[in-house]
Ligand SMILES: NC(=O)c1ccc[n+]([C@@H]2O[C@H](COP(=O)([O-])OP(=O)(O)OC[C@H]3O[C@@H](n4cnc5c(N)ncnc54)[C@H](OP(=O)(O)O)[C@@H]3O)[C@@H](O)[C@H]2O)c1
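Shown next as structure tokens: one chain only, the form predicted on its own.
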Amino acid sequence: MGKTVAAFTMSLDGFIAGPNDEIGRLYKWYFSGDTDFRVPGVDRVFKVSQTGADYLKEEWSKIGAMVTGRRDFDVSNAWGGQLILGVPHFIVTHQPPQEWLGEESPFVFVTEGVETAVALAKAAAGDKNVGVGGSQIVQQCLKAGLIDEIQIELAHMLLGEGIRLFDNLADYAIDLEKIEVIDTPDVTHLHFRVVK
């Protein structure tokens, strides 16, 4: 069975988005390199360093399903109705959006919480990993002991304000074991195992 992995681009001061969900500055590394990287499942091509392209290809090929929250779903405008990486998406929400509940919807809405969403995603992913997105969902999964690994694309900047990935964990001390560090011109890839 695969692992449950949280992966985010983050500023050095801990933000994964600006105060109004803007990500342009953080994600400029996706367009600052000289190597084309086609994102699986969507009509998008990044231009990253060769090292970054090799890293993304390897790590993203391991993902078999995604779990995220309703806020992430809404802010991203449902990713244009496309499944990122071409894998099943499980959206944790209290109120599924009616316009996405038909049989043709590519998304599965889970109202029973993160534990259920992760279990469904693991079943769908088979021996591949489950990617976890959305800051609140990651925090809930960390508190529940559901995250196996954390991957941070550390953007070489201070954002100053915005949405932090690791808020609301005051009572949860979590030890990490470093797996890998890969440096590229605009981002440093940090890969950790959650010590359980």
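So that there is no doubt, residue numbering starts at 1 and follows the sequence shown. Nothing here was measured: the structure is a model prediction, and the numbers come from that model.
Only in words, not in the display: the form predicted in complex with this ligand, which the text now covers.
The shortest heavy atom separation between S32 and this ligand in the predicted bound form exceeds 4.5 Å.
At least one heavy atom of I137 is located within 4.5 Å of this ligand in the predicted bound form.
The closest non-hydrogen atom of T93 lies within 4.5 Å of this ligand in the predicted bound form. Although the partner is absent here, C141 is not a contact residue: none of its heavy atoms lies within 4.5 angstroms of this ligand in the predicted bound form. Against this ligand in the predicted bound form, the set P88, A117 and V194 makes no contact: no member has a heavy atom within 4.5 Å. This chain is displayed alone, yet in the predicted bound form one of D21, E177, D13, E180 has a heavy atom within 4.5 Å of this ligand; that residue is D21. A single residue from the set I163, A53, V39, I63 has any heavy atom within 4.5 angstroms of this ligand in the predicted bound form; that residue is I163. Stretch-level contact check against this ligand in the predicted bound form with heavy atoms at 4.5 Å: of 142-150, 123-131, 22-30, 45-53, the positive one is 22-30.
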